[in-house]
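Take a look at this one chain, the form predicted alone, written out in structure tokens.
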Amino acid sequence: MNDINNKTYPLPGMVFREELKSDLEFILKDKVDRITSTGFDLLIELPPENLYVVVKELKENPRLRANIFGGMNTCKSNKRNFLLVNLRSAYNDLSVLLKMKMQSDDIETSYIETADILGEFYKAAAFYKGVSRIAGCDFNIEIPPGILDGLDCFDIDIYADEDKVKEAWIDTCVSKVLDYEFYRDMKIYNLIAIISRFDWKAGIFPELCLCSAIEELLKLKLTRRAQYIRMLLCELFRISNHLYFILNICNILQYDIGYSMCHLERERILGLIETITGSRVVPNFIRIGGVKRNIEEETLSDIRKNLPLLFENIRRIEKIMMDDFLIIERLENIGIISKNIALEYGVTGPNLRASGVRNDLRKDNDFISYRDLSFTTPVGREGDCLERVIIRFREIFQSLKLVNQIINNFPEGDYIKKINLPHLEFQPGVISQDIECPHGIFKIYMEVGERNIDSLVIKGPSVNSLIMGEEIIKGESLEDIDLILMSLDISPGEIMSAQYKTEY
């Protein structure tokens, strides 16, 4: 096991992907142009006319069973427009990216035609057809501005019978952002500085995902101290994100005591983060080969002193909320996400675990150095709003446990491997990287030249959760819609970055 952990031998997941690559090359044969390994995914390049046959084989072949639709994104490579489709399997480690060239003269039509083909196999693909499917809506629900962060990056149109939702359509066109051209001619260290804005609730994770992808391309192994600093920040940001989730739930319920207490404890966490990184929201702290600066013993001592207080106060918040009959009554049995629905829509993270699926990249993959630490992955059963709140509390306590292990076993050594970024040259290639962020699996896909990033696609977990929102609010009361959608923990930065744009 030590040899495996030190990467003397390939990990079981890597072996499986290599075997699967050989199987796919045999099964798909002349239907695809090329199959390559990109790290976490297998990249399958194929002509658009073979999409139906390939997707049918991937989903129905008992060896593959790609039953999860991860999403669609556009990208530009070598001045050509391409479409990326992510498909995964709930039964094995299969995760593939289908890459197809789009017709440059009519991008939107090509995009919608692809969504139509995928819609024959995956219900969630209907979301990508655009707002043209909105027809006969009764009204548009307007969320009061300034109070519900996460519900201000989309519109929702409702067809209702009295106070019950019959159909719902979510439209993200309200999100106005730059497309993926923003990274062109940008230096890598400048990209690291702004990429955290794609998830401003937990900004360390986009930085970590980007730097990890580049490190994978360079085959760069980090020092243990750098790994532990990264894990410490990940867990602090995870606690901050989950507390923010709970206080937003309290805000909707007008539960002022829980709202204020969560704010106080989140401020305590943000203060610790600011001590380490110098920032509370946009850390700009992760670097290729390690982190920006070291953590002093005084900072570790400060974290150590705050841990018992954090645990006690958050436990008190949980007890106050879970002992309140009115809160339980309000959250229970609404917005139910069954296991099958969660998998069908490609949901990940706490929303998936609340539905009874034990999936966590910190456990399942070779992610930083979490294999050195002892923790459990909380799993629920009901999949309703109450279960999603309970899962957040349980994950906070597991993160506190992880922070305690990290600071009490902090290794010595360097915090970064020195790299001359202005003179850094890559071996041209393709890489995809997944990490477990507080909302689920955050993904980056990159095509890299010798000195620059040729193509970049960012995919956050909030997109799939939002798509599923159309399904789970059907049959619910109109007064519960904002509560159900807030329980999905939508990060606006991820929705804005995923928006499809027809202008290039």
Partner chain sequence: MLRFIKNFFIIFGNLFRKPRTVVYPKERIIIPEGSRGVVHLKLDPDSLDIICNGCGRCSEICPVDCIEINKVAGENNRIVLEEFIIDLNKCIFCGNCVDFCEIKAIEMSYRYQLAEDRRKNLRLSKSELIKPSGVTGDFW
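Residue numbers count along the first chain shown, from 1. Worth saying up front: this structure is predicted, and the values here are computed from it rather than measured.
The next section is about a form of this same protein that is not shown, the form predicted in complex with its partner chain.
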Just give me the single entry in Asn294, Asn409, Thr275, Asn92 that has a non-hydrogen atom within 4.5 angstroms of its partner chain in the predicted complex.
Thr275
Arg80, Arg224, Lys129, Arg268: which sits within 4.5 Å of its partner chain in the predicted complex by any heavy atom?
Arg268
Would you please decide whether Arg197 lies within 4.5 angstroms of its partner chain in the predicted complex, comparing each non-hydrogen atom pair?
yes
Contact label in the predicted complex: Lys99 to its partner chain, heavy atom within 4.5 Å:
no
Residue-level question: is Val282 within 4.5 Å of its partner chain in the predicted complex, judged on heavy atoms?
yes
With the partner left out of view, is Tyr189 within 4.5 angstroms of its partner chain in the predicted complex by any non-hydrogen atom?
yes
Pick from 325-333, 340-348, 376-384, 286-294: which stretch has a heavy atom within 4.5 Å of its partner chain in the predicted complex?
286-294
